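Next up: just one chain, as structure tokens, the form predicted alone.
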């Protein structure tokens, strides 16, 4: 078997960093994409960043269809499954995102198992770890925690990531498949082109005044370069099998994120968004399901245990400030011309 790596959803924000790092290491990559245009987008990134596009080949696949998955995994040593729906706006139905997320994950794992791949690494999220639990300021969430999908306060994206990850672990247990998951917090850090991930779009929206107010919400923040590197280390590390790796450089409020972005580029950001009082969020939660989910997060800090990332994978994550500043600079370079 060759050292080829299958990267699903290869045109995604995290996936482009994975593909770039692998190609720079001389590793051949097969990427799944939704269209030929997306494949060209990835090749353009490789050329722009002085990596050999000849080491990348692409297949058009659909998460919701069986066709093509066996061909994609054939002759691949590893599978890095990053593809999953993450819309900028949450759908109204709690389980609307589950079918593509869960079924796509099962298709990727099934193809990897039939192809005899050495390990699968699934891109999950901290959303699969800490939603729906009682507020306990002393609690630190770690790899043994799982979001409660039955909670009324959990968002559809978190439901989809939780169900998909649990389905993956079920397959791994049933068939003895070697599996790791990477569970990043809010992913920021530099874009490699003008196509931003859903999390990174938050910064662009702030600059475009599309977010006039900010609630008192705190997030863990992961640098996309650390997230990508964690996938690559986990796919080879003998002690990574069966482990979940939380990636976060620390927790920051949305207001501090906005302040750091404004410091990085005062001209682009101008006047800071206004604070949105928590009492107003709670009042709106009585009539709006979207605000009800947000109300469960205001005035709350969810602390994350990144010990496995550091001790097993040997990765010391970058600070949120580095991730924010480098994202702002990359958006300036590619979008704010």
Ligand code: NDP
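Because the structure is a prediction, the values reported are computed rather than measured. Numbering follows the first chain given and starts at 1.
As for the form predicted together with the named molecule, it is not shown, yet the points below apply to it.
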Work out which of the listed stretches, 180 to 188, 256 to 264, 143 to 151, 166 to 174, brings a heavy atom within 4.5 angstroms of the named molecule in the model of the complex. 180 to 188
Taking the named molecule as it sits in the model of the complex, is residue 248 near enough to touch it, meaning that at least one heavy atom pair lies within 4.5 angstroms? no
Please check if residue 327 has a heavy atom lying within 4.5 Å of any heavy atom of the named molecule in the model of the complex. no
4.5 angstroms heavy atom contact with the named molecule in the model of the complex for residue 157: yes
Looking in the model of the complex, any heavy atom of residue 34 within 4.5 Å of the named molecule? yes
In this chain shown alone, the residue from 90, 110, 218, 199 with a heavy atom within 4.5 Å of the named molecule in the model of the complex is 199
Which residue among 52, 62, 305, 299 has a heavy atom within 4.5 angstroms of the named molecule in the model of the complex? 62
Of the residues spanning 123 to 154, the ones with some heavy atom within 4.5 Å of the named molecule in the model of the complex are 123, 124, 125
